[in-house]
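A single chain, nothing else alongside it, follows as structure tokens in the form predicted alone.
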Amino acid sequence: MYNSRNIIIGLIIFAGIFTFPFILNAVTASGAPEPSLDTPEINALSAKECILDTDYMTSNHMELLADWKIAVVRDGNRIFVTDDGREFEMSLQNTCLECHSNKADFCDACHNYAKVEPNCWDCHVGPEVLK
């Protein structure tokens, strides 16, 4: 091969350019934020449990809230019954924000990390306005 030196240099440059984003992400990536559960309402609870399982709520709260919106607005159903028979009002402000009143430390921390802009506050009054 007459150009083996140039081919090897080209392959090394290509490999460096191709792997650069992966290496950069591995070096600069930070872990997901841990939502703060330190609110007076949560601290006053004897049993610290959410409406549904914590793992489910972490990954599927947006589907639950969307289902609640449809049930309340379209069907007029305002009560959510869990599998174990507990009843909750389907309300972002009166149920969710009753315990998770620290929107900046709870909601915003994860939404900013995931670069998600929920449209909850287009219709609902944020907890910082309620105080």
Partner chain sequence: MGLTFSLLLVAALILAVFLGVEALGLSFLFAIVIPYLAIATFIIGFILRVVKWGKTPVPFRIPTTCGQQKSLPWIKQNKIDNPFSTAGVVARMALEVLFFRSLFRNTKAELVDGERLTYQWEKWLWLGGLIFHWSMLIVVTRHLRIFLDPVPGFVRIIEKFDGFFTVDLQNVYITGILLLAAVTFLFIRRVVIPQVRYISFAADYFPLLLIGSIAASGILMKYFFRVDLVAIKELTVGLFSFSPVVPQGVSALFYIHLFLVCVLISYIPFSKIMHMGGIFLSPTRNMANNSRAVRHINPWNYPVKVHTYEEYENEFRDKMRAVGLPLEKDGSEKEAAAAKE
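Computed from a predicted model, the values in this text were never measured in an experiment. Residue numbers count along the first chain shown, from 1. Just so we're on the same page, rigid core means the largest C-alpha set that superposes within 1.5 Å between forms.
One more form of this protein exists, namely the form predicted in complex with the partner chain; it is left out here, but the text below deals with it.
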* **Stretch in contact, per heavy atom within 4.5 angstroms of the partner chain in the predicted complex, of 77-85, 22-30, 44-52, 91-99** => 22-30
* Does the 4.5 Å heavy atom contact test between Val125 and the partner chain in the predicted complex come out positive? -> no
* **Ser36 within 4.5 Å of the partner chain in the predicted complex, heavy atoms** => no
* Asked: How about Asp108: is it within 4.5 Å of the partner chain in the predicted complex, going by heavy atoms?
  -> no
* **Non-hydrogen atom contact Trp121 with the partner chain in the predicted complex at 4.5 angstroms** => no
* To do: Enumerate the residues of 83-118 that have a non-hydrogen atom within 4.5 Å of the partner chain in the predicted complex, in sequence order, or give none.
  => Cys110, Tyr113, Ala114, Lys115, Val116, Glu117
* Asked: C-alpha of Val116: shift of 2 angstroms or more between this form and the one not shown, rigid core aligned?
  -> no
* Asked: So with the core overlaid, does the Cα of Gly31 end up 2 Å or more away between this form and the one not shown?
  -> yes
* **Sense of CA distance change between Asn60 and Ala26 in the predicted complex, threshold 3 Å** => farther
* To do: Say whether the C-alpha atoms of Ala26 and Ser59 sit closer together or farther apart in the predicted complex than in the form shown here, given that their separation changes by 3 Å or more.
  => farther
